[in-house]
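Form predicted on its own, single chain, as structure tokens, below.
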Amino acid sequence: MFLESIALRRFRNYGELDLSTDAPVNVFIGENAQGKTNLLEAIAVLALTKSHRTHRSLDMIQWGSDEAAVSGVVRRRSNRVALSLRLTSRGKQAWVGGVERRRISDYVGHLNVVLFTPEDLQLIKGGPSVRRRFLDMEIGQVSPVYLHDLQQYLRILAQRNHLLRQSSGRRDPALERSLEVWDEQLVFYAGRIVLRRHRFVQTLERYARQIHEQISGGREELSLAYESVPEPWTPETLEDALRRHLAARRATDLLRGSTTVGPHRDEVQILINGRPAGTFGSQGQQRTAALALKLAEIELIREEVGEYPVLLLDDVLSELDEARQIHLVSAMGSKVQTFVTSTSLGVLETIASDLRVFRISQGRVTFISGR
């Protein structure tokens, strides 16, 4: 898929921008704090309706304005589609082909993106919540059903936690009967989420292991493990396992006033030669693992939706040594439309073709060279 154009209105430091981006590789160069990251953030928001930098729509609205807008035209194998988002302090509205989509799950997926930023090293070094968010964002792109299940799970989880806080740690028969009702609903959606995440991690590992072997020269082995309800369980017995685990943790949940088991507490282990990469990996090994995961995402999305996603590289080339830069740019090839931000062309100038180069200064984009 290709993003043919992007338009911004009052988004971050862009008052108004209309840009043709119909090139295999679009490069945006400029000094720091000029708007390069803001532009890639806008593309990611157009795809996902949410930002990797903030949870609040208000943060993306230009100072002094009441709302912002992001729109673009996406060319896919079967069609061309216009996407539009309106951001306000009260929330967001989304349109596909001029028709409003009130459910986010009906909007997300029309544009698939893989975003790689320097902060993605936190996938390896950060806490479990970073990796859970990674799973939710990536699976949500290719599975509207997953997004719906996740939204329902979080709604039920909030209700269950509210009931637990009301208990003040005491055991009360009426309260526990209410908990059993919420538990049944929680187990249903938790089971669906765990199974989808488990399958996603298995597929991601298959691609990431091969890519990591190429980058590391076969000297190291990358593996992934999704940790949820203690095994053994099968897809048919997962709900029963979740139900038993919830029951076993009920006294702890009542004491703490929160639910201590479920997909919101799960973990993805990233291992190099069988050892946790975040704890035992060198900086180079951690960067290689993060790069392998991002390149694996590209292949996984292609497998799921039948087309390659758009790749967004936000100032990551400077974080990689020359060998990893070459591997990343070579992996782009001609199959993935790529948007790159950098302070200079660097290695792109020598090993990438079909570049369209722009300069960004104080929220203004100027075409420099390319087709």
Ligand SMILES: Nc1ncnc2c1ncn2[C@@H]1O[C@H](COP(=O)(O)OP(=O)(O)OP(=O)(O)O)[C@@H](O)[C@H]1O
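Only a predicted model underlies this, so the values are computations on that prediction, with no experimental measurement involved. Sequential numbering from 1, following the sequence displayed.
Unshown form predicted together with the ligand; subsequent notes refer to it.
Tell me, which of 60, 311, 328, 44 has a heavy atom within 4.5 angstroms of the ligand in the model of the complex?
The residue from 60, 311, 328, 44 that makes the contact is 60.
With the partner removed from view, which of 44-52, 29-37, 298-306, 320-328 is the stretch that lies within 4.5 Å of the ligand in the model of the complex, judged by heavy atom distances?
Flagged stretch: 29-37.
At the 4.5 Å heavy atom threshold, is residue 12 in contact with the ligand in the model of the complex?
Answer yes; at least one heavy atom of residue 12 falls within 4.5 Å of the ligand in the model of the complex.
Since the C-alpha distance between residue 219 and residue 318 changes by 3 Å or more in the model of the complex, give its direction relative to the shown form: closer or farther.
The answer is closer, because the C-alphas of residue 219 and residue 318 approach each other in the model of the complex by 3 Å or more.
Assuming the CA distance changes by 3 angstroms or more, are residue 285 and residue 342 closer together or farther apart in the model of the complex compared with the shown structure?
Compared with the form shown here, the C-alpha atoms of residue 285 and residue 342 sit closer together in the model of the complex, by 3 Å or more.
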